[in-house]
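The structure tokens that follow cover one protein chain in two forms, given apart as structure 1 and structure 2.
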Structure 1
Amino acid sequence: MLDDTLIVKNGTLKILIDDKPINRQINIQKNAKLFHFLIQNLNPTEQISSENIINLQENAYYETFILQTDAQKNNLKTVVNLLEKNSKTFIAGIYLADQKQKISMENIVNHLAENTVSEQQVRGIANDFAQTYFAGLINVAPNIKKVSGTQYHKALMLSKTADVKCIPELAIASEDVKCSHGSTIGMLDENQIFYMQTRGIPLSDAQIILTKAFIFEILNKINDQNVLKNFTQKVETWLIKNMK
């Protein structure tokens, strides 16, 4: 069910900030760019599900930063259709779940034209009894030339009782494609922790620093200072609550 249709006109640049889930269809026209920030502020008991479909025309660009951390049940699906040649997209996602939350993030990128590029960078952290689910699909249609698609997902588990699931999927029907994806689920790198400890940093501090770095690797790509501030505040609140 669609709540809103947005058209980003030829050659224009738009910034869109969503702080509540909306089901959107967005059409980005030729040479236009959209920078989309989703930072959902919700009640802890809410159960929500939303979906965004973004269609890109020739040489269009879609960049989005998603922070999913509120509500009891939070499902978000993002579908990016690279309909015409030279269109590109960058999807950055962060999900942070604790207590008994159930958070799911699904990113689908459809390469339907030549010379299209997609990149996904997702970081997730699960604590307590949270259940998280990440699904990322890079789909390349037949007879498409020069496609590049990458997807990197990393998840940290802070508790023995969390449940983290992910399915990074590739469906490729063209030859002239460079696609790769990587996914890890686990703990912080003990070599990095040890290194910090040998430099005098206590264990718990090292863990916090590394976990923060883990998320900020993505956040640091946000150019808009105000938006960055909002994202940072929310992430830091969660980290303080969950890491000591």
Structure 2
Amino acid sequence: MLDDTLIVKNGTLKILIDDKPINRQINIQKNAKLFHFLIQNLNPTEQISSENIINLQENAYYETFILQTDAQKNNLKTVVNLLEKNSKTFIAGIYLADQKQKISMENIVNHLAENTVSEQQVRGIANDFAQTYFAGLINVAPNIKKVSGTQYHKALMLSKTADVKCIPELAIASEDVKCSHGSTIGMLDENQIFYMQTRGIPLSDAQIILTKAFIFEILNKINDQNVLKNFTQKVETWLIKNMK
């Protein structure tokens, strides 16, 4: 059930900042742009499930940055429908999970018209006994040409007891498309840590520097300085808590 419906009118640019997840449908009209920032401030005992459905008309643009870190159980699904030609989307996601948290992020992009473009970039970190799950799908409808879609997910495990699962998928029913996906899961590079220690950097500081650099691959793409500041503060607080 939807909690809210938002219409971004023809030719307008809108910035939407959410601090709590809701079930929302967003309709972006021709030539309109929406920049959507979701930085969750939730109670650690909450269990949340939410879904955003975004529909784009001709030459529309949707960009979103997602930070999932609060709540005991946190499920977020984003569905983007590129309905008409020249519509584009960029989805950037970060999840940070520790203790016994369960975080799930699902991104689905449906290319339903020609000359549509999508990009998904997700970075995640899991510590302690946390369980995380990422699912990403690029779906290209039949007889749709000149489509470009990319999807990349990278995750760091800070403990051997953390559990990270990912399912990157392509569903392509057409030719003349350029689509790619990839996913990596690993731990911090011991060689890089050793090198930094030989330069006098303490172990914990070296770990924080490398982990922060990993996350800032996404954060550095945020153009709004106030939003970037809020995201950065949240990430740095989590890193200090988990790596000191």
Partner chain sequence: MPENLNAKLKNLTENTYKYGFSINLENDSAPIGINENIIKLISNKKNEPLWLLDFRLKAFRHWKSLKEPHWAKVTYPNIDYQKIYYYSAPKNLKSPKKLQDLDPELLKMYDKLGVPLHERENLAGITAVDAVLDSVSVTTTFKENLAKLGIIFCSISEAVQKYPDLVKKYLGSVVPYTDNFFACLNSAVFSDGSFVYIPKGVRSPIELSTYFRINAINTGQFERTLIIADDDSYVSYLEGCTAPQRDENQLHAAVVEIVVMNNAEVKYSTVQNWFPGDKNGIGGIYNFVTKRGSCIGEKSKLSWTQVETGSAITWKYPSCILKGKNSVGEFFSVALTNNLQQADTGTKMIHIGENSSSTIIAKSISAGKSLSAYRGMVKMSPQAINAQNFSKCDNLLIGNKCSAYTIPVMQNLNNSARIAHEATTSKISEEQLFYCQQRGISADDAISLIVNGFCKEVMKHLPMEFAVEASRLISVSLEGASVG
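Under this definition, the rigid core comprises the largest set of C-alpha atoms superposing within 1.5 Å between the forms. All values derive from a computational prediction rather than experimental measurement. Structure 1's sequence is the ruler for residue numbers, which start at 1.
In this pair, structure 2 matches the form predicted alone, whereas the other structure does not. Superposition on the rigid core between structure 1 and structure 2 places the CA atom of A206 2 Å or more away from its counterpart.
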